[in-house]
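Listed next as structure tokens is one chain, alone, in the form predicted alone.
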């Protein structure tokens, strides 16, 4: 099978490396910056490159790995080039906006939203890894009318690549869960290190500072789009977080140690139960 990776940044190149390491599929690659494509060829990360329109026509599965606002225009621009009955997917961290805008069009290919759940604090081709998706989840958000064999083909590819679990869900449920498991954590980390005390942390910090601040190392251009594109779900999580913080603040101000213990014990029980 021919698998085309469009966009050879952190996620795209990691997908290509994983495909080369764990499958026998032919990996085609294309990147807007030609020097990156040539480096991927020299490194053996992809088998072939060439003109984008030619690669698209050959690909049985195409992964589009761009910033959120570039995915839809790219697919529409090349909608008549994709191989008939092929699968076109993406790796974007939000799904509702993309899936809704591509829904209902009479394409000759099958678009299936996907999200390989992995990342690093650093981006770009040079930071890609063939182990990035070890123990990771691969989330798929097909339409109700998407043929089951096409969904199974994409899931099967993810399993061949070594993803630890595959999840099939709706775009809406994906986005509300990602708002909780990922986006709010980045909001919290960025808010945390905006403290005027953060520059003086050396010598006073240990594991807690490291754990909470880690994902404040962020690609602002990409994450700003992700936050805005998922604003309804993310704002709900921000509201919940602020409400919980205010409970702590109220009980600290009022020196209500029992209420503080109750809050922390409740949080501890939940963490013990859910992991």
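Numbering follows the first chain given and starts at 1. Note that the structure is a prediction, hence the values are computed from the model and not measured.
There is another form of the same protein, the form predicted in complex with another copy of the chain; it is not shown, and what comes next is about it.
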Notebook entry, point to check: With the partner absent here, would 174, 239 and 260 each sit within 4.5 Å of another copy of the chain in the model of the complex, counting heavy atoms only?
Noted result: yes
Notebook entry, point to check: in the model of the complex, does residue 204 have a heavy atom within 4.5 Å of another copy of the chain?
Noted result: yes
Notebook entry, point to check: Hey, in the model of the complex, is residue 35 touching another copy of the chain, heavy atoms inside 4.5 Å?
Noted result: no
Check: With a 4.5 Å heavy atom cut-off, would you call residue 55 a contact of another copy of the chain in the model of the complex?
Finding: no
Next item on the list: Would you please decide whether residue 47 lies within 4.5 angstroms of another copy of the chain in the model of the complex, comparing each non-hydrogen atom pair?
Entry: no
Next item on the list: Answer with one of 178, 102, 161, 155: the residue that has a non-hydrogen atom within 4.5 Å of another copy of the chain in the model of the complex.
Entry: 178
Next item on the list: Can you check 26 to 34, 56 to 64, 218 to 226, 39 to 47 and let me know which stretch has heavy atoms within 4.5 Å of another copy of the chain in the model of the complex?
Entry: 218 to 226
Note to self: Heavy atom within 4.5 Å of another copy of the chain in the model of the complex: which residues of 248 to 267 meet that condition, in order?
What the structure shows: 248, 249, 252, 253, 255, 257, 260, 261, 263, 264, 265, 266, 267
